[in-house]
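Read the single chain below, which is given as structure tokens and is the form predicted alone.
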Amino acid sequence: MRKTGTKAACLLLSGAIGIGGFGFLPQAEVSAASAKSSGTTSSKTVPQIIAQVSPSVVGIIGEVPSEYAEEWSDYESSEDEYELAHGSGVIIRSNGWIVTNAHVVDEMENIQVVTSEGKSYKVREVYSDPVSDIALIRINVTGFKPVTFVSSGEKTLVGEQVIAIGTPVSLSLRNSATLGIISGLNRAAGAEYRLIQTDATINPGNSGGPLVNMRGEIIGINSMKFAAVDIDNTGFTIPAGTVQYIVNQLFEQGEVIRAGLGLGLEESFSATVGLPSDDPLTVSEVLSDEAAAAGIKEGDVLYSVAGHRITALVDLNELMKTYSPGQTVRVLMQSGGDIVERKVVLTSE
């Protein structure tokens, strides 16, 4: 069974994301420094963490139509109708469920999973959410070791040491590991949800692989990078909280049902270019009967939702993760020159 939607736009449309060399401290000092920065203690060394997580990291390979091939991580050019492409994934349940990026498996056919031991298994089910760039795939095998995600109560800090594991460039390089740091948090980077920025070098083939902290916990799934001349080590990871939000819905419903205001909204110029801004959003279109019934009109200005100030679309998307369609929220708006409060029934988006 396969369920997919429109393919997500990524800054690097490849079946991979990766990793880069970084780390000048001895391994014991790296572990100690990271543990101190996160407020915890850990006696694990980098090799111990890699040994712990690597059995749960897989390579993913399949065929993509020739017209999509150059958008993927790694493909072998030929004159055939299909090309080979690959990416990475992590085992999240012992009965064969694996999380990866939507852009790795969307459009991919005859998908195979290759484990760290070199065994190959056919993918039986695919559930994809291109909006978040998260997908679930299943192989019909049990007994795998699932990864552990960081708990929601644990803080991820800028400067914290991290390890990326995946399948860069070629399937023969599966379970490659490199060391880096978290470069920034809450980045928009053109995505629908906030991302983690890392200086781990992103290589084709690593999309869908994990970013791991010094306790061996998964803090996110690598998704994309800025790729251009003179740009180095600027990669982005989908945080564990977002991954689990998407995965839970895919398990429960087979798709992600998002709550929304039923409005088309535009950001200010400052927010669009990434400048610090308190500017509100502007209603460009009223898309739902519920929003129209609340009295919202094109040209109205949105300041806050449920008491939360909204200055960017990604802020609204993050907030909507805590709501379901059918719930009612209060919105503070400017309409016809007046500041008004409206009650809006959330729709499904």
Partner chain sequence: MRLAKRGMALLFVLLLAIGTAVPALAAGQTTLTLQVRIGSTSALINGEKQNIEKPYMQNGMTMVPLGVFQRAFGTSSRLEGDDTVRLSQGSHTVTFKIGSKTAWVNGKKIALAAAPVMKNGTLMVPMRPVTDMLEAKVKFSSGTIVVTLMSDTGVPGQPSDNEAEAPATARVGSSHANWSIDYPADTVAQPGDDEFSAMIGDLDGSYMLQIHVWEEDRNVSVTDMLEQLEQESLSAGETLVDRQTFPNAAIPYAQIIARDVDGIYWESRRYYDEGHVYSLYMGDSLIEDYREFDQWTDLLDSFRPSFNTQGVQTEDLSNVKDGYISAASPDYGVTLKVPATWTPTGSGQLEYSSKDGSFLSLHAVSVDGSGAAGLATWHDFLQAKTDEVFLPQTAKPVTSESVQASGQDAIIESLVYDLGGGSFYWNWLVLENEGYFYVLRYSAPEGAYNKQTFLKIVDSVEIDFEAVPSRFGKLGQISYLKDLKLDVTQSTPDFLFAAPAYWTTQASDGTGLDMRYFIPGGSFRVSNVDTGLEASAAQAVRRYAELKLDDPTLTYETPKRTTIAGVPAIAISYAGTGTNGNLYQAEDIYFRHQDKTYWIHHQLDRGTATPEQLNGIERALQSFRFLPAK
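Remember, it's a predicted structure, so these values are computed and weren't measured experimentally. Residue numbers count along the first chain shown, from 1.
Below, we refer to the form predicted in complex with its partner chain, which is not included among the displayed structures.
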query: Interface membership of residue 332, its partner chain in the model of the complex, 4.5 Å heavy atom rule; finding: yes
query: Partner proximity in the model of the complex: residue 323 to its partner chain, non-hydrogen atom cutoff 4.5 Å; finding: no
query: Interface membership of residue 309, its partner chain in the model of the complex, 4.5 Å heavy atom rule; finding: yes
query: Proximity of residue 199 to its partner chain in the model of the complex, heavy atoms at 4.5 Å; finding: no
query: Per-stretch contact check against its partner chain in the model of the complex, the hit in 272 to 280, 204 to 212, 128 to 136, 93 to 101 (non-hydrogen atom, 4.5 angstroms); finding: 272 to 280
query: Neighbours of its partner chain in the model of the complex among 329 to 349 [non-hydrogen atom within 4.5 angstroms]; finding: 332, 334, 336, 337, 338, 339, 340, 341
